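Heads up, the chain below is alone and in the form predicted alone; it's given as structure tokens.
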Amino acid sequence: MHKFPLAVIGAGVMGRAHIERILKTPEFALVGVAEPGDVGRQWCAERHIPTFENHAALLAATRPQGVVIATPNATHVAVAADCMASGLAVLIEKPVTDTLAAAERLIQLEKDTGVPVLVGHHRRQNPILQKARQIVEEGRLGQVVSANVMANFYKPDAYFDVAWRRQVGGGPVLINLIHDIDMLVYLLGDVRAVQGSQSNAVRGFEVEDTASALFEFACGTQAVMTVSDTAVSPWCWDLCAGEQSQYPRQNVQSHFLSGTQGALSLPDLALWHYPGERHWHHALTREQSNLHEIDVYVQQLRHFRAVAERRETPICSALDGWRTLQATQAWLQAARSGQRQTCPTFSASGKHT
């Protein structure tokens, strides 16, 4: 298989994560990086990576077949539009963009150009989550009636030396919990409504440090989610799923689904059910699925290549990204207003129902 030429736009934290994996994975070739900042350009220079001031210069000088966009959220769609105009498939880091209107523009661009978009909700690439989805779709839980998700972890004080992390939009709901929301959307489908609350009582910053929500799914599931970046706790996906080596792995679970026929915990994929009559006086049986671990970011790049070559459809499309962003923003609005927020279904006509 020939090397697949990729370009990366943005050499921040996530851009570098993609760059490092492109460099170490034989089936990819990095043709260049667009990065205006001195720190990012120096990082690239140390690795002898061709670097350009902006994405226009990068696209003019190189011939990628796919582009990874890891720029600030508000720039995602404008950068993607330029790439897609040249026929280049794009992998856009999460969240898909900063507003629903911008995400809807991206959906229209995909329709108009025929160029595919993959949104970087990387957890969908994890075999654990894919197996969980299979279990749900096979009906082994029956009707999923409730879900409980914990995303509690501790960010050190130095993390907040960057100003935007202390401001609205830089908190754990949009930065971290959006991944957990996307996991539930992937498993359960559309969110119908959200109620929520938030607090900044610990750090006192403009942005939340702790929040909770009740999600009502169209399928009938009620999901309770909590997040805090000021809690000393092992109960979050990053600490117990083993996706990223910088987090010491903990042998605990963070996601729990309960249904009329069984229950499932994640990431351990323990499936609980009654072997006979369902009765709370009877003993439950525990089944265990064991899967090989993979680097989900490398798997995402491989999937992106297949998407760009039109061999696979995106596991997280622009529309999927819109759905997850809508649910996340509805939570934040519910927390600010104290009122339940509904989540309309997307319509290509621009009218949501």
Ligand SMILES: NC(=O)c1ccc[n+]([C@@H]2O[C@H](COP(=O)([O-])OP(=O)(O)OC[C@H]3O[C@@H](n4cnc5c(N)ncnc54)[C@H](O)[C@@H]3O)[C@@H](O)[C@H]2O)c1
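Nothing here was measured: the structure is a model prediction, and the numbers come from that model. Residue numbers here begin at 1 and follow the sequence given.
Unshown form predicted together with the ligand; subsequent notes refer to it.
Although the partner is absent here, F28 is not a contact residue: none of its heavy atoms lies within 4.5 angstroms of the ligand in the predicted complex. Within this chain, M14 lines the site of the ligand in the predicted complex, having a heavy atom no more than 4.5 Å away. At a distance threshold of 4.5 angstroms between non-hydrogen atoms, W322 is out of contact with the ligand in the predicted complex. Using a 4.5 angstroms threshold between heavy atoms, A34 counts as touching the ligand in the predicted complex. Using a 4.5 angstroms heavy atom cutoff to the ligand in the predicted complex, none of L6, R21 and V67 count as contacting. Only one of G220, P234, G139, P72 comes within 4.5 Å of the ligand in the predicted complex through a heavy atom, and that residue is P72. Taking a 4.5 Å heavy atom cutoff to the ligand in the predicted complex, the contact residue among E208, E93, D229, D180 is E93.
The stretch that touches the ligand in the predicted complex, counting heavy atoms within 4.5 Å, is 72-80, out of 271-279, 125-133, 72-80, 145-153.
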